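Single chain ahead, written as structure tokens, the form predicted on its own.
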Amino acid sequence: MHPSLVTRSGRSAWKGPYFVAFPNLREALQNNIPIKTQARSCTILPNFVGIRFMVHNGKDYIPVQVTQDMVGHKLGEFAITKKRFTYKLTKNK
């Protein structure tokens, strides 16, 4: 991760990125098993690339496949929490 990305975040630079230690990370990469997590504020690290996560959005677990472009972002950015509002027109007879 680039040093400039750490300084732009809301976290202090000396603390480094926030991440959660997932104990079954290696098994998930080998067996393609998704990891269920509620840690939406966890920063995606380069060793997470290729792993599937099931990120909790408050109601359900949303599948997220980590790619190289996601490194440095948070897991919660890829599991939306709000549904799109649609207004249904009813036909009166």
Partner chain sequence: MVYVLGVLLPENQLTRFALTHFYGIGHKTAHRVCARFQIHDRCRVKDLTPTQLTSITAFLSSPSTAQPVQRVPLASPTFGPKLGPITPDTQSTPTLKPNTSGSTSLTNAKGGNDPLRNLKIETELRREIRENISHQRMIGSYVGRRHAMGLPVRGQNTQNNAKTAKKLNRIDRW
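Please read all numbers here as calculations on a predicted model, not as lab measurements. Residue numbers count along the first chain shown, from 1.
In what follows, reference is made to the form predicted in complex with the partner chain, a form of this protein that is not presented.
Although the partner is absent from this view, I80 contacts the partner chain in the predicted bound form, with a non-hydrogen atom inside 4.5 angstroms.
Although the partner is absent here, K15 sits far enough away that none of its heavy atoms falls within 4.5 Å of the partner chain in the predicted bound form. By the criterion of a heavy atom within 4.5 Å, H73 is counted among the residues contacting the partner chain in the predicted bound form. Shown without its partner, the chain has no residue in segment 40 to 63 with a non-hydrogen atom within 4.5 angstroms of the partner chain in the predicted bound form.
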